[in-house]
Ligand code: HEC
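Okay, so here's just one chain, in structure tokens, the form predicted on its own.
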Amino acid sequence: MSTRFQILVGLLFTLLTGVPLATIAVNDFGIVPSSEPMGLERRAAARRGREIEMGAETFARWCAGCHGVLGEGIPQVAPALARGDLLDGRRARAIGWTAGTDALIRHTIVAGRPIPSRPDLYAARMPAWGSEFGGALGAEQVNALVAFILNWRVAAPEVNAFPPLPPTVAATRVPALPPTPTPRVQVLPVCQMIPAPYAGAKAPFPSDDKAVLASGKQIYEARCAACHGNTGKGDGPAAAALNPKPANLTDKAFMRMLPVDCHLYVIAEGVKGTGMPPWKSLGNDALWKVLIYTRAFSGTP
């Protein structure tokens, strides 16, 4: 092989090797026009996008039932998360939290909040979702949730989720629904004094109506399954953090002690001292549908 041919082969090899290396340099080290993002920045943005997408899926599955599909909150259940004061740090400062908004959100998700911060406004108790506290979410899922919630920061509306309670209102507050005068027997304690208008209420739909059951199932999976479990056994992912535990709706003996009118009362008004929040904001129609669906777990009319 001649020297000239060897030199030609060497030059060709050098060119073929240099092109891929130049491509890597362009992508990874930002040797591009200043108007285009560097490769590392694009990769970081892509990773953050995937994390937010995972957080959206996790939020829809575990959080939307109490905080709303868009983080708008549910009256009497749980506050809005997509709101300016939470995401810009004002809420953290107001409660004396100094570690930053992302840390506040992460800590609340992981460790929960066994006592509602404003039981007069929101009845749901935030369970511990972090796996280190017995919850269903690992560190990666928690981080994704935090990223998803913080993603609302840019367009978060101003929502007064924790208005002050006037002392006069607190002092004069009386039960809106007086109990019936006659206690019942052979029922759960919560059912012994059913207030009007729940006492004697009867379902407006047949218990075997397929459309009603399908609608009730949809409501149950969105609002109830996180605590009561997909099949009603009280074994949902949030159950581990609750004391007392959610009711086992498949237990026939238990359900016989929960008459229909009391069942409606419990779903609508919640149960004080437990993790059961009031759901009357769903409306009477939805309450009856989810009641009929949940009673089907045990076959109790």
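Numbering starts at 1 and follows the sequence shown. Just so we're clear, the structure is a prediction, and the values are computed from it rather than from any experiment.
One more form of this protein exists, namely the form predicted together with heme C; it is left out here, but the text below deals with it.
Asker: Which listed residue (M54, A240, A247, V260) meets the criterion of a heavy atom within 4.5 Å of heme C in the model of the complex?
Answerer: Spelling it out, the residue with a heavy atom inside the cut-off is A247.
Asker: Counting non-hydrogen atoms within 4.5 angstroms of heme C in the model of the complex, say which of S131, S117, T231, Q218 makes the cut.
Answerer: Here the answer is residue option S117.
Asker: Residue-level contact is defined here as any heavy atom of the residue lying within 4.5 Å of heme C in the model of the complex; does G275 satisfy this criterion?
Answerer: Within the cut-off, so yes.
Asker: Evaluate W279 for contact with heme C in the model of the complex, applying a 4.5 angstroms cut-off between non-hydrogen atoms, and reply yes or no.
Answerer: Residue-level check for W279: yes, a contact with heme C.
Asker: Is there a heavy atom of F162 no more than 4.5 Å from a heavy atom of heme C in the model of the complex?
Answerer: The answer is yes: F162 has a heavy atom within 4.5 Å of heme C.
Asker: Contact between P127 and heme C in the model of the complex at 4.5 Å, heavy atoms?
Answerer: Looking in the model of the complex, residue contacts with heme C include P127, since a heavy atom lies within 4.5 Å.
Asker: So, a 4.5 angstroms cut-off on heavy atom distances: do all three of I105, T108 and V190 pass it with respect to heme C in the model of the complex?
Answerer: Yes, each of I105, T108 and V190 comes within 4.5 Å of heme C in the model of the complex.
Asker: Which residues, if any, of 224-238 lie within 4.5 Å of heme C in the model of the complex when only heavy atoms count?
Answerer: Contacting residues: C224, C227, H228.
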